[in-house]
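What follows is one chain in structure tokens, specifically the form predicted on its own.
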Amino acid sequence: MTDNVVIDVRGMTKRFGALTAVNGIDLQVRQGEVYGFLGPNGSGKTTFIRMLCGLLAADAGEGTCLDFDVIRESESIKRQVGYMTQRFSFYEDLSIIENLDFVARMYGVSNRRAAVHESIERLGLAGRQKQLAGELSGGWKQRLALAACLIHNPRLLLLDEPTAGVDPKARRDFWEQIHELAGQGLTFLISTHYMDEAERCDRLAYLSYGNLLTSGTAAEVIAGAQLTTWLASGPNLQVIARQLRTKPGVGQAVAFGARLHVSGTEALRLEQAIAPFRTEPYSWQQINPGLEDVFIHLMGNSKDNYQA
């Protein structure tokens, strides 16, 4: 594998009639990397992931995944990839151990009992192995899904919004497990909507309406946006936000809890726009933009690819 690159694809494209769901995307992911895949619903994340693991045929593009040709050797890729879908997709009237045994059978895992036992121990499921899947909470269902992904010892995990609907503690525990596995050399491509999860990734890619808008480390993505951001606090901030959104130089005025983030790409025009509002009882300070500021900015400047 050249320079430990696990995914190396160029020009990946998928069309559904007049809609281009994925538009010429290039992506490189290295071994042991946790790579975050971000973007709004309908941005093409799931479609791209399904093309990588051979569930969808690309209309254009080339490259390799796990050293196999991503177009012609999809069956070989499937055997070495674990794919975790957005929805819980196991038999709810079977127990944890029965579900894992079924998955192991599907993959033709040798020494199946030992593999199932190891997977149960690895994900801390031993005390619940006889519990029906349908009785599990969201966090435990997530653990079962991850255990199933790992049962055939894949080299790459493709996780599609794996923590949607899971409580904060379960999300934190899940990410600790992810980084532990990555430290053992397993590679991850993970789609998410959560900015705190994005910050846990080694590198990020942001898709919008099928197009790759930016990629890199969190720091590189933030620097590349060239945003200036001001933080405002005080009463009736929504009234000020509505007024600011009409001003030249203001790209966005977004509530962050009880405060307001006002951003733009032209620092001088932005400062001129907020000047009339910098009076008592309001407090203003310039801050470093965060990932969420950047992604709201990128989303606001991207064009919808839907064609009715």
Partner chain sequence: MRRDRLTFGMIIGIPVVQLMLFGYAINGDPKHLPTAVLLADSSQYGRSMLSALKNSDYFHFVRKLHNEAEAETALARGEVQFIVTIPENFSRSLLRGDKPTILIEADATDPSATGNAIASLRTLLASALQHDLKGPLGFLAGSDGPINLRVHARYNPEGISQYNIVPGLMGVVLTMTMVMITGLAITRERERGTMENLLSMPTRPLEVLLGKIIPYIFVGYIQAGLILTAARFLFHVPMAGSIPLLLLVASVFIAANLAMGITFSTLAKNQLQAVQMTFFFFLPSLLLSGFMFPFRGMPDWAQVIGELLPLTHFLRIIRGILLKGNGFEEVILQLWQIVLFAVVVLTIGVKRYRKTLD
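Positions refer to the first chain, counted from 1. Treat the numbers as computed from the prediction; the structure is a model and nothing was measured. Under this definition, the rigid core comprises the largest set of C-alpha atoms superposing within 1.5 Å between the forms.
Just so it is clear, the following notes concern the form predicted together with the partner chain, a form of the same protein that is not shown.
- Per the 4.5 Å heavy atom criterion, the partner chain in the predicted complex is contacted by stretch 72 to 80, the sole one of 184 to 192, 165 to 173, 222 to 230, 72 to 80.
- The partner chain is not drawn, but in the predicted complex it has a heavy atom within 4.5 Å of Leu55.
- In the predicted complex, the partner chain sits within 4.5 Å of a heavy atom of Val103.
- The closest non-hydrogen atom of Asn236 lies beyond 4.5 Å of the partner chain in the predicted complex.
- Residue contact check for Arg113: none of its heavy atoms lie within 4.5 Å of the partner chain in the predicted complex.
- In the predicted complex, the residues of 65 to 95 lying within 4.5 Å of the partner chain by at least one heavy atom are, in order, Glu75, Lys78, Arg79, Tyr83, Thr85, Arg87, Phe88, Ser89, Phe90, Tyr91, Asp93.
- Annotation for Glu92: C-alpha shift of 2 angstroms or more between the shown form and the other one, rigid core superposed.
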